[in-house]
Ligand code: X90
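The chain below stands alone, shown as structure tokens; this is the form predicted on its own.
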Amino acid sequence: MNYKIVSDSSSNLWFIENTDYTCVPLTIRTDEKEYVDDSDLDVAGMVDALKTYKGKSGTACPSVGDWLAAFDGADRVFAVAITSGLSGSYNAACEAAKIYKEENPDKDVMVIDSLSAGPELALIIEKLQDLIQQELPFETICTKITKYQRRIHLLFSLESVNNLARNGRVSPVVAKMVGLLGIRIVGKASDEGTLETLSKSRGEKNAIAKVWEYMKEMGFSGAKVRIAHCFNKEAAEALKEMILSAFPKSNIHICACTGLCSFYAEKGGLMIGFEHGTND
């Protein structure tokens, strides 16, 4: 009986070692061009083009068929989607799961609404990988991953929110303020899976310090941290060092944002997924 993990491209993960895994792409669209968020995407070119683009832009989720094709051949599937508060990807995955189980009554699919994006999906996927390797029953893994979601969080620091404003995710007034005089937004993924602004900081150093402050307030005490950056590895490394100075044994990985997360985080942005409590 084989297990498979499928996610959409908001996870920033194209490949996972020693795991049957598939990533289905979202799409970034403008009036002039379409960017498919797969491993061939020129993310830097897309980010630079969108920075000067003045027209409408948006995203499109994977189709039901995309998810269904990714499930093919697996006996037990865990599908992890970007928050339903930002995209229809979760709903498409649910519909695909329904069809897959109707056509294969002996197979199971759990669709997980991450209520988040980027590195928080990575944490869910890593936990699924660990639980699968323990050879636990499907139902047990479902229970454990649902419980695990209650101890992970996403924070972000953004120096531009123009794309979020164009998609109605933040106020245009806020968008105009961010970037002026070095103002950055620090926020989190809410319990409902929406973007919640926590504070505004002047300068990147202050924003990183604010992220670290919120991490501690939210219960971080040395467990896993996953940091995704949009062409701002220096800031990601600065946050990593800040964390390690207090918790030297923290498990911290840094990665670059792929297309979808780069579209929302924009150049200079950081997304931080982390566990509260300690490793168990």
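Residue indices: 1-based, along the sequence shown. What you see is a predicted model; the values in this text were computed from it and never measured.
There is another form of the same protein, the form predicted in complex with this ligand; it is not shown, and what comes next is about it.
- Heavy atoms of no residue among Tyr21, Ser63 and Asn91 are located within 4.5 Å of this ligand in the model of the complex.
- In summary, among the residues Ala96, Leu154, Val80, Leu128, the only one with a non-hydrogen atom within 4.5 Å of this ligand in the model of the complex is Leu154.
- With a 4.5 Å cutoff on heavy atoms, Val211 does not count as touching this ligand in the model of the complex; it lies far away.
- Within this chain, Leu164 lines the site of this ligand in the model of the complex, having a heavy atom no more than 4.5 Å away.
- A residue is said to contact a partner when one of its heavy atoms sits within 4.5 Å of a partner heavy atom; Thr59 meets this definition for this ligand in the model of the complex.
- Taking the partner from elsewhere, Leu86 is found to have a heavy atom lying within 4.5 Å of this ligand in the model of the complex.
- Only one of 100-108, 190-198, 136-144, 70-78 lies within 4.5 Å of this ligand in the model of the complex by heavy atoms, and it is 190-198.
- For the partner-free chain shown, nothing in 120-148 comes within 4.5 angstroms of this ligand in the model of the complex, judged by any non-hydrogen atom.
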